[in-house]
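This document opens with one chain alone, in structure tokens, the form predicted on its own.
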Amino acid sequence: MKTRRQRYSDSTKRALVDVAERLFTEHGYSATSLDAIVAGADVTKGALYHHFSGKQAIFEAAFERIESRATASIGRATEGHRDPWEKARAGLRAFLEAVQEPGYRQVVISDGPSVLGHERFREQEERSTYAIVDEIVRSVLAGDEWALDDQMLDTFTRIFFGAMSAAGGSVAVSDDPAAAAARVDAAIGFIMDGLRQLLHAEAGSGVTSRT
């Protein structure tokens, strides 16, 4: 059981990230100051530095929270689908909904790469959503009839993950994200339908190896 001091510390940290997420979403990274964050959370700057080393650190905490929410929503959307292709489409649509959220658009897509740096940004993306993409790809393609080895499955995962990241970025920066999401959904739907037909045709013809 946590002590009163520990509970207060946790509460302070949550309040700081809550305010930081809201301000970064509304104003962007450059226009948000630490003074504004501590004022919004009604704490001292010393309390902020107790939990975070500076502005970039608290931005990263807000970034991770937004990514975690998106990952959780995608995970919930894919639950309960026995058909792996339906699971993939459900995951895609949940992802496209997530990237339309103001926080995701501003914090993750707009500010994330420049604040965190490209390498760190990609690490964060892979840690949050890559595992879900890998699970979906393997559920679709890992059947014995396709005879795909782990290296080929990893290749498919990276291709689809890259496509999803690019598509999400195009939706997030669009002036009409809902329309952009609908176009992405339709385009990737065509690709998935074509792949499904190709795999079924090859399975029917006895072509099983793509290693």
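Numbers follow the displayed sequence, beginning with 1. Every value quoted in this text rests on a predicted model; they were computed, and no experiment measured them.
Heads up, the form predicted in complex with the DNA isn't pictured, but that's what we're talking about next.
### Task
Report the stretch among 64 to 72, 177 to 185, 160 to 168, 29 to 37 that approaches the DNA in the model of the complex to within 4.5 Å, counting heavy atoms only.
It is the stretch 29 to 37.
### Message
Against the DNA in the model of the complex, would residue 197 count as a contact residue? Criterion: heavy atoms within 4.5 Å.
### Response
Output for residue 197 is no: heavy atoms all beyond 4.5 Å of the DNA.
### Query
Is residue 153 close to the DNA in the model of the complex, meaning a heavy atom pair under 4.5 Å apart or at it?
Looking in the model of the complex, residue contacts with the DNA do not include residue 153, since no heavy atom lies within 4.5 Å.
### Message
Can you tell me whether residue 12 touches the DNA? I mean in the model of the complex, with a 4.5 angstroms heavy atom cut-off.
### Response
Contact with the DNA, yes.
#### Entry: Members of 55 to 72 lying within 4.5 angstroms of the DNA, judged by heavy atom, in the model of the complex
The stretch touches the partner through 55 alone.
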